[in-house]
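The chain below stands alone, shown as structure tokens; this is the form predicted alone.
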């Protein structure tokens, strides 16, 4: 059973209401002092573990978090495209864009993230 705290609820609300993936720093800024940096990190890790959100690394190496839309508590998969804007830095999930990888039969994919970079609609 997961603990439900005010901080956890607020962070989940922030992420679920965002059209883009958010960095820890952006989430901390939006929390307005409700939780400290370490508590936010722990809550984000718990939400990933509970399959509520997923982590994506943008092209600059910054970890971002986005809401899971097609995951369940038993299945966590993100085989969709992530787009990282090289100008504004926004990271967007495209749930309807997936990639079918073909590897040799003795390789087992457990997880992958596909991030492409370029200019988003606002910056192009």
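Residue numbers count along the first chain shown, from 1. Remember, predicted model here, so these are calculated numbers, not experimental data.
Another form exists, predicted in complex with another copy of the chain; not displayed. Remarks below refer to it.
Note on the partner interface in the predicted bound form: the residue among 51, 30, 34, 86 having a heavy atom within 4.5 angstroms of another copy of the chain is 86. The closest non-hydrogen atom of residue 20 lies beyond 4.5 Å of another copy of the chain in the predicted bound form. Shown alone here, residue 116 lies within 4.5 Å of another copy of the chain in the predicted bound form, counting heavy atoms only. Although the partner is absent here, residue 25 is not a contact residue: none of its heavy atoms lies within 4.5 angstroms of another copy of the chain in the predicted bound form. At the 4.5 Å threshold, heavy atoms of residue 13 stay clear of another copy of the chain in the predicted bound form, well away from it. Contact annotation for 37-53: no residue has a non-hydrogen atom within 4.5 angstroms of another copy of the chain in the predicted bound form.
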